Each structure stands twice: as structure tokens, then as C-alpha cells.
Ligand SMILES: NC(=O)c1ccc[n+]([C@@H]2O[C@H](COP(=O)([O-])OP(=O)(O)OC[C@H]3O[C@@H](n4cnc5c(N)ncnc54)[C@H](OP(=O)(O)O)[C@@H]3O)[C@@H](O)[C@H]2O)c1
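Just the one chain here, laid out as C-alpha cells, in the form predicted alone.
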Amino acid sequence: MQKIMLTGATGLLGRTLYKTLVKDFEVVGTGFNRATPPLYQLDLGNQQAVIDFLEQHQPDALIHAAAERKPDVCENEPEQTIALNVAASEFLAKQCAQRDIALIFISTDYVFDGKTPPYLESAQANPLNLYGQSKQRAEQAVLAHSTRHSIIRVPVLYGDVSELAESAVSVIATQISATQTTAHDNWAVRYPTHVEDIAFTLRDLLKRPENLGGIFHISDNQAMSKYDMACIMADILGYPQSLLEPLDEPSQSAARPHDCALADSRLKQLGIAHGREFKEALKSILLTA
């Protein structure tokens, strides 16, 4: 049985990766200050601790899902962002290459500027904000260390949350109201993707490790703005959509790309496809959160 190490196992994506992969692999999950057994605490900024952990557990593959993923936080905390998103990723890539461990690095559609979608895996990156720039730098470092290393680019994610604010999708449900008018971005086009579908895809790739290496895109294909998502949530929660106001110009501090649709051509060639209808999936999340 393959042994898979997972960083960021306490996060939105990481929790679902752990829950899914543990059914087919031996999984060693790590987190930082929120990690409790069976997960291990590991400070990715402590290079000796990382080396010791790799030597102790000797995984066959490592999924690196830990990151600072909020663009506005990245802009306000550039040093911490570079330390986690770039330096820690590059160190992991180097250590994994030396030990013949296949690294799977979770990246983002924000490495693109959103001007010429859809983007193939071979498309030229041109990130607009520090978050995207940090992920692009990490991608380059990861691929430079081994042809066995993989980049997994994903769009905005949603899924079973510990709190609605944990996802940039489900947080919208905390912003809308049954009695007050609220405004929501109607400029940027998003492709919300369920974390379980990311996990199913990585499971399928890990079962066929000969196909790992290089860049993969994983994305659902339902295009919508945050305003569109708010309308769907209002319908689910029984709120009047008339109280929702569309914002047709960008309004956030960190620049966002307009449309970063990811074309998953490599997965299609492998016959790997997982997706679900957004409204039905979201309904189960909102009504149980």
C-alpha cells in the first residue's frame, strides 16, 4: 500500500483529502497549530523538523496542500506569504526529489491574468496579485527539482466546512440577509469546485502514479460570479433575491483576474472526471452547517 504524506490536513481541502485517501492508502496527515491525533503537528518553516519527519515516515508521495490562500491577506502579510507559499514549498520539493518522493503541489487558477480563457496546462502564467505570484514561483521551484513532481491547479473551492467563513464560496451565505440589501461582486467569473471532487481526482492519479509529473488542471465548468452564487444561496435559504445588488466593477484590495477558466485536457486524456451540480451540493452544505 502506498504511503501518502499530506500537509495542510486541517484545512478545507486537506480534511477531505485525508478522509478520502485514507480509504485506499496509508495517509500521514500534518497540520500546524490545529493538528490533533491522528494528525501530526509539523512546522513547515522548521527545515530540520521537516527532514526528520520525512526520514521517519518515508512516504511514497507527498501532497502539499498547506498555503496562505487569501489574496488580501497575502498582500498585507507578504513575508509570511512568501515563507509558506514559496520557501516551504521549494524546500519540500528539494527534499522529496532527494528521496524519490513524488510531490503533488496544490496551486491555483490565479497564476493566470484572466484575459484569455480557457487556459490549458501549457498556457503562460501571468499572475496579478501576490497570492498568484507566490504560487507561480512555487510552481517553478517544484518542477525544477524533479520530473516526477506535479502541479495541481484548482479554482475557488467549497465543501463541508467547519464554519461557513472557511470557504470563499460558503462565506457568502453569512453576508446575505433576509431583511437588508447586500452587494456582491458580479465582475469576476468563478468556477466553484467541490473539494471532494479534487480528492477523488488525486486518488485516481495516485492509483496510476506512472501518469504523475507536470501540470494538471482540476475544475468544474459551471461559470458564475459571487452575485450569481448569492442568488442561489438566497433561494436555498428562502431570502428575497431583490435584496441582492450586483457590483459590476472590481472592488477588492488585491487585484483579481476576470476569468481563469481551467481546461483540464490532461485529465480528459486519462479519462478522469469528477463533478457535481453546484446548487444541490451547496444546499447540503448550507442546511447542515
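Residues carry their position along the shown sequence, with the first being 1. Given the structure is predicted, the values throughout are model-derived calculations rather than measurements.
Separately, the form predicted together with this ligand exists; it is not shown, and the next lines address it.
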Exercise for the section: Would you point out which of 239-247, 225-233, 32-40, 53-61 contains residues with a non-hydrogen atom within 4.5 Å of this ligand in the model of the complex? Expected result: 32-40
Problem - in the model of the complex, the residue from T81, S150, S107, S219 that sits within 4.5 Å of this ligand by heavy atoms - result: S107
Handout entry: 4.5 Å heavy atom contact, A65 to this ligand in the model of the complex
Key = yes
Exercise for the section: Spell out, yes or no, whether the shortest heavy atom distance between L21 and this ligand in the model of the complex is within 4.5 Å. Expected result: no
Handout entry: 4.5 angstroms heavy atom contact with this ligand in the model of the complex for Y131
Key = yes
Problem - Close approach of P155 to this ligand in the model of the complex, 4.5 Å, heavy atom - result: yes
Practice task
Enumerate the residues of 1-31 that have a non-hydrogen atom within 4.5 Å of this ligand in the model of the complex, in sequence order, or give none.
Solution key: G8, A9, T10, G11, L12, L13, G14, G31
